[in-house]
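For reference, the chain that follows is the form predicted on its own, supplied as structure tokens.
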């Protein structure tokens, strides 16, 4: 909670168990992190909630028949968009994405990649944690390679290649 108040949010690797409440609706999952801001006295501001959910769903190109649809009934890619929506409505400064495309199909991956670029374009810093090499090489401006809990390499955009990353990952090059 303290991190969220500081503008740092995490879209976890295991979205189904840590990022979403599957038996709840798209609306519930999207606004849960800002519920306190939507309640005035003892009433929920439904008009504001509807505007927030409509705006963020449009930005993320969320595909659902209704915002009352239970998240468990969405595709993996749309579930991931709901996780992103939940955190983006908090107006974060830093969004940590842990394996953001795990368990989603190739088409949905491309859409998530586009969204990551758009999120960065909105001024949000993104920290990407990924075991997928093409994801790292294509999305990152700077890569820290970590092996056994220690940083073994720091690579800038121009130095990013699968071969170089693997050398650091297996311990072939020392961090200076």
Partner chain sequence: MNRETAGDIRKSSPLIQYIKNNIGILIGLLLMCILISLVKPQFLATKNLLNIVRSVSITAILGFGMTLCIIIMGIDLSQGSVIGLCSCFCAWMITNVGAPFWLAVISALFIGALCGFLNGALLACFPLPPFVVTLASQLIARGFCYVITRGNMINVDASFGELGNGYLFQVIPLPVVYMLVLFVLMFLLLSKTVFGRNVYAIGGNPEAARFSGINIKKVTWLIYLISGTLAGICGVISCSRVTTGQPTAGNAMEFDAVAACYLGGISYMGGEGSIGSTLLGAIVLGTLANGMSMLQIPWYVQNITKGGIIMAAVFFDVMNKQKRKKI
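Computed from a predicted model, the values in this text were never measured in an experiment. Positions refer to the first chain, counted from 1.
What comes next is about the form predicted in complex with its partner chain, which is not displayed.
Its partner chain in the model of the complex is approached by residue 41, whose closest heavy atom lies within 4.5 angstroms of it.
Though the partner is left out of this view, residue 130 does not reach within 4.5 Å of its partner chain in the model of the complex, counting heavy atoms only. Proximity of residue 59 to its partner chain in the model of the complex falls outside the 4.5 Å heavy atom cutoff. At least one heavy atom of residue 46 is located within 4.5 Å of its partner chain in the model of the complex. Among 146, 137, 122, 32, the residue placing a heavy atom within 4.5 Å of its partner chain in the model of the complex is 32. Judged by heavy atoms within 4.5 Å of its partner chain in the model of the complex, the contact stretch among the candidates 108 to 116, 122 to 130, 64 to 72, 146 to 154 is 64 to 72. With respect to its partner chain in the model of the complex, the three residues 23, 28 and 50 uniformly fall within 4.5 angstroms at the level of their nearest heavy atom. Contacts between 80 to 110 and its partner chain, taken as any heavy atom within 4.5 Å in the model of the complex, involve 86, 87.
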